[in-house]
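Just one chain is shown here, as structure tokens, and it is the form predicted on its own.
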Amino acid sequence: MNRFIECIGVGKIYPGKDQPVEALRGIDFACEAGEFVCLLGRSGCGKSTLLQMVAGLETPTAGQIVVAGKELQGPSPYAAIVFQDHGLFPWMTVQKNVEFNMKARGTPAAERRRIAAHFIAMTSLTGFEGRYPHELSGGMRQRVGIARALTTGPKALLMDEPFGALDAQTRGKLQDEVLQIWQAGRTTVLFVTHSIDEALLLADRILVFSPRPGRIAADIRVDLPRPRVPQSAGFTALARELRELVGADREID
């Protein structure tokens, strides 16, 4: 197996006011290059914490995280992260928001414009380059965040419930677009969600997390052909299995 991301005995404890809070315990898994893996579980089970540790924004208190064969020591040069709150700069246009990461890395202006134009087109934002975030819908703002993340050519795209605040129609459209982007570039994706249907629509594998302290309760491979149909027998059977594992309905918040 070509292991691109590997977590070995990873744990995380936060200091608490009265006593420490153990967010994660004994996380062991490996993610192949180009694999789409969803982290599924209830709110507070440590999914987002794990994602931030894989990005190098948080440090494990136990175990190690290995990316591209090297133990992570600070922010990962291979990963880009997309949050539910898109994190756009309100005083910047779409164009400047998309170019921001490249500018921070010293990419020349002409190259920034060329790369930004490519990902603006890929995320269906052409014609909106001069707009500001407050002039865009929630779905369009999330597209800007995705375009910005892609501009640095990450080998791993880390997505923290990016569609959780969107209406069902917009969410479905963006799910399709993320799959198209992933299939075009085969970037490794770790995608946090609390929706069983979303995990089944997107993932090659689903890691099911237990309640805090978060542990991997199950590692489910989704061997369903794409595009996936929620009404199909295979989809329904896997959804039932996942509901039993998490003890909840399709939305498990």
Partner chain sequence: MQWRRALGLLPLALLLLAWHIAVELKVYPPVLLPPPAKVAMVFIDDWQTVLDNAAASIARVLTGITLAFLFAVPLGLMIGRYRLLDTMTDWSIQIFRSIPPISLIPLALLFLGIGDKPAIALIFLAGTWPLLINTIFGVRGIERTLIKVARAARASELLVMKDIILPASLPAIFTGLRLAVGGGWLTVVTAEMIAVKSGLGYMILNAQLTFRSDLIIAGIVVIGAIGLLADQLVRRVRASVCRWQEGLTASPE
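Positions refer to the first chain, counted from 1. This structure is a prediction, so every number in the text was calculated from the model and none was measured.
Separately, the form predicted together with the partner chain exists; it is not shown, and the next lines address it.
Undergrad: Where, among 51-59, 199-207, 216-224, 33-41, do residues come within 4.5 Å of the partner chain in the predicted complex by heavy atom distance?
TA: Comparing against the partner chain in the predicted complex, the contact stretch is 51-59.
Undergrad: Is A104 one of the residues lying within 4.5 Å of the partner chain in the predicted complex, judged by heavy atom distances?
TA: Yes, A104 lies within 4.5 Å of the partner chain in the predicted complex.
Undergrad: Does any part of M92 reach within 4.5 Å of the partner chain in the predicted complex? Heavy atoms only, please.
TA: Yes, M92 lies within 4.5 Å of the partner chain in the predicted complex.
Undergrad: Give a yes or no for G127: in the predicted complex, does one of its heavy atoms lie within 4.5 Å of a heavy atom belonging to the partner chain?
TA: Close contact is absent here: in the predicted complex, G127 is far from the partner chain, nothing within 4.5 Å, heavy atoms only.
Undergrad: Tell me, yes or no, whether W182 is in contact with the partner chain in the predicted complex, where a contact means a heavy atom of each within 4.5 Å.
TA: Looking in the predicted complex, residue contacts with the partner chain do not include W182, since no heavy atom lies within 4.5 Å.
Undergrad: Here the chain is shown alone; which of I81, A147, L72, V178 has a heavy atom within 4.5 Å of the partner chain in the predicted complex?
TA: Selected residue: I81.
Undergrad: Pull the contact list for 132-157: residues with a heavy atom within 4.5 Å of the partner chain in the predicted complex, in sequence order.
TA: Those in contact are Y132, H134, R148.
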